[in-house]
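Consider the single chain below, provided in structure tokens and representing the form predicted on its own.
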Amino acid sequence: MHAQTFFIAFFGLAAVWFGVAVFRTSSMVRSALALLFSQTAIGAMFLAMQTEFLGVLQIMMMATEMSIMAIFMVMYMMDPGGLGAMEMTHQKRFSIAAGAIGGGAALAVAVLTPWGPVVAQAPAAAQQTRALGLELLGRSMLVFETAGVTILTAMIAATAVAVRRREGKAAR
């Protein structure tokens, strides 16, 4: 139990550290990679909590998503490598205030909410995975399928717009 707590804390701190690194770099690609590592650390937290399905799903989804994001950043950004001076944050005071208020609200909800008693007997990991699979393949399937098709359509449209624009510039 102590090793599990250690790894949950370790990966939690890693997720926060890489989350901060997202905003501390001047490169969009490095920012995407820091976000990938942050989300992978959250997936590792799921694995440390013995929720293997959610952990592997988190890591697989974020690896794919952040890879696509980095590729699109390289395609569309003027300086994706971050070699020039570039400011990654905007409206710093407002952002700090919003983050402090949001963090305080989340902390207040976590501490002040009467959560009720802890479950005395939790189902086994296999039973939890089965219940999650039934939920995902049941009433939530239409939502996931719609979101997937929408994201794919947006990616194809963005690529088509970029290709068409380049062809037009080459003809001039």
Partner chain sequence: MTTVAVLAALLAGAYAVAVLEAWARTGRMRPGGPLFAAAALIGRESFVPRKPDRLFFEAAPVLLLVAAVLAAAVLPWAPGLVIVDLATGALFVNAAFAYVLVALIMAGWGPDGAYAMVGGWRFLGQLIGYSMLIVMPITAVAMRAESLVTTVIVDSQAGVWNIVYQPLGFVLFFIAAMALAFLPPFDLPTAPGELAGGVEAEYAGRRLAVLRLARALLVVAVALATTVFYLGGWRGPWLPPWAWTGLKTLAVAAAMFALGGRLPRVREAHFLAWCWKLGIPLALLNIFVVGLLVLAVP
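Not measured: the values here are computed from a predicted model. Numbering follows the first chain given and starts at 1. By rigid core we mean the largest C-alpha set that fits within 1.5 Å across both forms.
Just so it is clear, the following notes concern the form predicted together with the partner chain, a form of the same protein that is not shown.
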Pick out the residues of 49-74 whose heavy atoms come within 4.5 Å of the partner chain in the model of the complex.
52, 53, 56, 57, 59, 60, 63, 64, 67, 68, 70, 71, 74
Per-residue C-alpha change between the shown form and the other one, residue 128, threshold 2 Å, rigid core fit
yes
Threshold 2 Å Cα movement between the shown form and the other one for residue 155, core superposed
yes
Threshold 2 Å Cα movement between the shown form and the other one for residue 68, core superposed:
no
Your call: residue 137 and residue 62 CA atoms, closer or farther in the model of the complex versus the shown structure, by 3 Å or more?
farther
Compared with this form, is the residue 52-residue 123 Cα separation smaller or larger in the model of the complex, the difference being 3 Å or more?
closer
